[in-house]
Ligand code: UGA
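In the block that follows, a single chain appears as structure tokens, in the form predicted on its own.
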Amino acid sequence: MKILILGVNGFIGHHLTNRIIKTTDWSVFGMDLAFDKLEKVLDNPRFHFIEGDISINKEWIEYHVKKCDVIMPLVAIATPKHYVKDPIGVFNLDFEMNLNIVKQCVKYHKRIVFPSTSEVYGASPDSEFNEDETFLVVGPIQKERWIYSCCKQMLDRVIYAYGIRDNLEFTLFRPFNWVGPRLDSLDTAKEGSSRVVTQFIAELMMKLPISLVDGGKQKRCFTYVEDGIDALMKILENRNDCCKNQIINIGNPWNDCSIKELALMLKKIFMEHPNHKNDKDFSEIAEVSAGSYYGKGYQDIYTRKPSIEKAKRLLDWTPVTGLEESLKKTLYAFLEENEGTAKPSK
């Protein structure tokens, strides 16, 4: 099998590529703006990389859409600060550029495995989000944070419509707060624009206050990336067409915790780290308003818990990594990468 991964150097992209090259005989053709996370596969003859931009290298992309069996467009802006700061940039990249890829998959009759997002469920009141039944609830136009959710939802609907009317073969997967090594860079965290787990770890490392937006009452279910990749591999294998034209949540409903609980747990893990247990000072946890942290265009989502019954049924998949272990592996990897510290003991 030949797989085209756009955004191959991203968090999901590089973990998936490493797994494919390590455990299968498939070939990966990848494009991204950089290749710093791909050192394990760059020299492998089954990995073919080009440093490029999906808005510029359009001929290369179309050629490889024609050439490959499965197309995975993983390129997106996926951090809340950017939704508020640059909503038009989010729309241009996350919707318009990816729509071009979808249309090429239709034109050349190629299977697309597309990353939807848990954010499409928005502020749904359901206790667990079901792929085929939960209403997708978003906020007012003046809250620009919803543009990411709306871009992804519209692409979900376009892909589904092409599947029903033009026989496009697709699978939409919805990751729920995946965490793990190389989630975000230290530079991104210094800007204050990384995802929450990396942001907190970086603040702990730099002895800066941990900012709890609106008290950290929001709850999330954190999924360890290797569990998520297990599910993605099963989707790519697609035995007996089990994933054809399906939408599948990939998350860990048992790792549900509030952002305040997350901050406390990460601080505890950091304080027990062998290189930091003797530190004299540790980050304080401070409450900030959403308006001061993100800007007036922000609006929060207070619950985000997946139903994974479909993943269990179709993929025979269940996540196995608990919350504390997931966070410990993520934190230790971040410190090792940025401080040269040792890996956690098993």
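In this text the structure is predicted, and so the values were computed from the model without any measurement. Sequential numbering from 1, following the sequence displayed.
A second form of this protein, the form predicted together with the named molecule, is not displayed here; the remarks below concern that form.
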Quiz item: Might T171 be said to contact the named molecule in the predicted bound form, defining contact as any heavy atom within 4.5 Å?
Solution: no
Quiz item: Might L212 be said to contact the named molecule in the predicted bound form, defining contact as any heavy atom within 4.5 Å?
Solution: yes
Quiz item: Heavy atom to heavy atom, is I259 within 4.5 Å of the named molecule in the predicted bound form?
Solution: yes
Exercise. Report yes if any heavy atom of Y293 sits within 4.5 Å of a heavy atom of the named molecule in the predicted bound form; otherwise report no.
Key: yes
Quiz item: Would the named molecule in the predicted bound form be within 4.5 angstroms of a non-hydrogen atom of every residue among D69, R111 and Q246?
Solution: no
Practice problem: Let me know the one among N130, T117, T188, N238 whose heavy atoms come within 4.5 Å of the named molecule in the predicted bound form, would you? | Solution: T117
Quiz item: Of R195, K143, K267, H276, which one comes within 4.5 Å of the named molecule in the predicted bound form, counting heavy atoms only?
Solution: R195
Exercise. Choose from 213-221, 84-92, 158-166, 134-142 the stretch whose residues reach within 4.5 Å of the named molecule in the predicted bound form, heavy atoms counted.
Key: 213-221
Quiz item: For the stretch 70-85, which residues lie within 4.5 Å of the named molecule in the predicted bound form by non-hydrogen atom distance?
Solution: A78, P80, Y83
